[in-house]
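Quick heads-up: it's one chain on its own, the form predicted on its own, in structure tokens.
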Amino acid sequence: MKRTLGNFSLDGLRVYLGLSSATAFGVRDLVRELGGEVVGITVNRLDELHKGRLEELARQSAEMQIHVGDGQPFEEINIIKRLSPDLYLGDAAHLGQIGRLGIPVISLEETPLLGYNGVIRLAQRFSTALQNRSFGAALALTPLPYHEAWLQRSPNWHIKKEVK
């Protein structure tokens, strides 16, 4: 059976990525090829291998939110709440909390990403998540575990406070 993308498109959709650096760059390119806009990226760490690519990305897309951080999910939630993307693609670490914002979430940990069949599987997952928003709507009824005051501050306020 031949599998194709058909007329699948992410046209007009805003996507946030929460992935490793290497994966985020490739998925960003795919989202753009499918017509979507990546409005932000969170990477858990940045090594020398990917530093130049991230700096280049920041220069090319000054409006894109770029966040490097691990272990402080409220920072990412703060950013995502402000950006209000249509779709979140990431690894499983923070999906439950991000889903509480009512945004469709997709874990890419178990999804093959390489080759044409990988693209087909990703497109199918994107389509399913975007068509079935009831899970996100139900999860959004569960309150976030953060004080609203935390979410009103800039995402990196605690780092700035510690550096002083």
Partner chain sequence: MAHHIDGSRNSCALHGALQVIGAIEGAIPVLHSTAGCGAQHFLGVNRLDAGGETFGAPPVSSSNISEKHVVFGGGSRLREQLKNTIKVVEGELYVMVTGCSTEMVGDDIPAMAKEGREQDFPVIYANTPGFRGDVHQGYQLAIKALIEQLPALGKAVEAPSKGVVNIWGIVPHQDPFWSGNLEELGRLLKGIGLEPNLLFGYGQGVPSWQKLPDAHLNIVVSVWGDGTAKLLEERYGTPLLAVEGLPVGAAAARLLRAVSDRLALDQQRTELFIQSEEKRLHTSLGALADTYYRAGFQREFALIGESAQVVGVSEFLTGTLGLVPRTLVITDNPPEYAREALSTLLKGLVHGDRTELYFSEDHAEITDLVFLGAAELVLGSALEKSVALELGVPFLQISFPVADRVVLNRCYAGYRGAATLLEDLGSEILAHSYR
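Just so we're clear, the structure is a prediction, and the values are computed from it rather than from any experiment. Residue numbers count along the first chain shown, from 1.
There is another form of the same protein, the form predicted together with the partner chain; it is not shown, and what comes next is about it.
- When contacts are judged by a 4.5 Å heavy atom cut-off, residue 95 counts as touching the partner chain in the model of the complex.
- In the model of the complex, the partner chain sits within 4.5 Å of a heavy atom of residue 110.
- Shown alone here, residue 134 lies within 4.5 Å of the partner chain in the model of the complex, counting heavy atoms only.
- At a distance threshold of 4.5 angstroms between non-hydrogen atoms, residue 27 is out of contact with the partner chain in the model of the complex.
- Only one listed stretch (134-142, 61-69, 27-35, 48-56) carries heavy atoms within 4.5 Å of the partner chain in the model of the complex, and that stretch is 134-142.
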